[in-house]
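Here we start with a single chain on its own, the form predicted alone, put down as structure tokens.
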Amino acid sequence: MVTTPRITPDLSTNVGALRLAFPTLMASGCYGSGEEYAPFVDLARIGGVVLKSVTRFPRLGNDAPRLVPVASGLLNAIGLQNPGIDAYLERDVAKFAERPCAVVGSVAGFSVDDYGYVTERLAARDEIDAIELNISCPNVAHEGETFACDAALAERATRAARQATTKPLIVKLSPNVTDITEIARAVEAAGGDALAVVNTVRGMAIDVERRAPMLGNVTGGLSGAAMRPIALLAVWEVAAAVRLPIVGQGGIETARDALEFLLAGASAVSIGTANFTDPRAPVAICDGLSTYLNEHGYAALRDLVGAANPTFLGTR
């Protein structure tokens, strides 16, 4: 009997100029700095960590409760709690130099100038390999979300960050819009290198005994498996609208989930809520991707990207 030799598929991928050994990024706010998960996962077996978003000035975040489990997902309303860029650079950033994977800094802001200023300061550090521009935080009322919901503002914020650094710039889009492709095209025109598609979906939960909202902020962002079909559709649509590489995110828990996003047009995937229930999920996903590639005769992950999407434009 002739057996087909088992090969080790190439799981590496590019997100703009950011080279990842594995196609898995750990979503901002869901993986700390990486060290919190190091006892459970070999960080050399993930693509990279997207750090928690940092703003120009310190923020205390929203009132508690901030987290509410819901069917097939999680509502969060953290409110961008962080120490501000000055304290962040002084106390936190140096430790990221020891990470055996990519380190992506995440920048949030409440003005165009904020995005340029914080990006310039954070990207100047050698420990940071790329910048995620968080223009789409849905649990900061009337502030951050505005940028991701208005093409002109998204373009201005992206352009300000682009002028502040030559490092890879990944802009995170919101699903809470009428036409996500309009925002994607604006970001592409402004010089963004890649897109993270998508952030959480706005939602809420009510305590029927107290007859009151369960989150202190009333509304929050829904993550987890419940939002996966929404995120997948967004990736499909954006992949047909722009040629930027896409990081697909939203409810990815298994290799099969990741495959859907890759086949729709994502070059990499970001894992968030799944890390809370299974810290080894990123490694299991990569193992599953290797098995799939072997079973279907693919030598490299890049051969799958957009393979199920006839409208896929390809990446540059």
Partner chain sequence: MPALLTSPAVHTTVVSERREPASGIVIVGLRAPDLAGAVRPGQFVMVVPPGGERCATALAPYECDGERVSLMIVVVGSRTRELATLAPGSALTVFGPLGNGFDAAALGDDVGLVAGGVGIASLLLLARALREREASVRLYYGARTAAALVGAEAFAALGCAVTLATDDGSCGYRGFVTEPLARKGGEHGALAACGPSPMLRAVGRIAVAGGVPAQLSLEEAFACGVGACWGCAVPLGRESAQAPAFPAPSFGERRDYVHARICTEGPVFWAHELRW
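All values derive from a computational prediction rather than experimental measurement. Positions refer to the first chain, counted from 1.
Note that the form predicted together with the partner chain isn't included here; everything after this is about it.
Student: Among I78, A205, L232, A102, which has any heavy atom within 4.5 Å of the partner chain in the model of the complex?
Tutor: By the 4.5 Å heavy-atom cutoff, the listed residue in contact is I78.
Student: Which residue, S111, T146, S72, T219, is the contact with the partner chain in the model of the complex, using a 4.5 Å heavy atom cutoff?
Tutor: Selected residue: S72.
Student: Which one of these stretches, 243-251, 258-266, 274-282, 287-295, sits within 4.5 Å of the partner chain in the model of the complex when only heavy atoms are counted?
Tutor: Selected stretch: 274-282.
Student: Taking heavy atoms only, is C30 within 4.5 angstroms of the partner chain in the model of the complex?
Tutor: The answer is yes: C30 has a heavy atom within 4.5 Å of the partner chain.
Student: Flag P83 as yes or no: does it have a non-hydrogen atom within 4.5 angstroms of any non-hydrogen atom of the partner chain in the model of the complex?
Tutor: Looking in the model of the complex, residue contacts with the partner chain include P83, since a heavy atom lies within 4.5 Å.
Student: Determine whether any heavy atom of R210 comes within 4.5 Å of a heavy atom of the partner chain in the model of the complex, and answer yes or no.
Tutor: Contact check for R210: no, nothing within 4.5 Å of the partner chain in the model of the complex.
Student: Flag L89 as yes or no: does it have a non-hydrogen atom within 4.5 angstroms of any non-hydrogen atom of the partner chain in the model of the complex?
Tutor: Close contact is absent here: in the model of the complex, L89 is far from the partner chain, nothing within 4.5 Å, heavy atoms only.
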